[in-house]
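Only one chain is included here, represented as structure tokens and corresponding to the form predicted alone.
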């Protein structure tokens, strides 16, 4: 059995995050010692590792909840998990496209800067006037 600190260390997850996952029911309520300390077994370690890896791949908490539910019912069809993963892939592809537009615009700004005075700085000029941009990046998330 693992303490919450040991579980956190093994999975690279902060203790507060584990408690949060318990609070929102992504993780089950752990067993406790007579002294009230949380104790976790292999099933909780596997579940938290699954959640952590899913987060690293950018899945939302709602999508992870759906995936966990599918995993808890091994006889359900896999196409549901596939649809969730495809939805995530589309979101990642949209983010990549927006980031590529940003990179292109920033590269252009930097390369057009003459390195002279700030009064003539192309970077500052483009930042002041969005119409000077070659790409439409208004929808890029901060």
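Residue numbers count along the first chain shown, from 1. Predicted model only: the values in this text are computed from it and were never measured.
Another form exists, predicted in complex with a further copy of the same chain; not displayed. Remarks below refer to it.
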In the predicted bound form, the residue from 116, 41, 28, 31 with a non-hydrogen atom within 4.5 Å of a further copy of the same chain is 116
Would residue 15 count as touching a further copy of the same chain in the predicted bound form under a 4.5 Å heavy atom rule? no
Practice problem: Answer for residue 24 alone: is it within 4.5 Å of a further copy of the same chain in the predicted bound form, judged on heavy atom distances? | Solution: no
Please determine whether residue 130 contacts a further copy of the same chain in the predicted bound form, using a 4.5 Å cut-off between heavy atoms.
yes
- Task: Flag residue 37 as yes or no: does it have a non-hydrogen atom within 4.5 angstroms of any non-hydrogen atom of a further copy of the same chain in the predicted bound form?
- Result: no
Contact check, 89-106 vs a further copy of the same chain in the predicted bound form, heavy atom within 4.5 Å, ordered by sequence, gives 89, 92, 93, 95, 96, 98, 99, 100, 102, 103, 105, 106
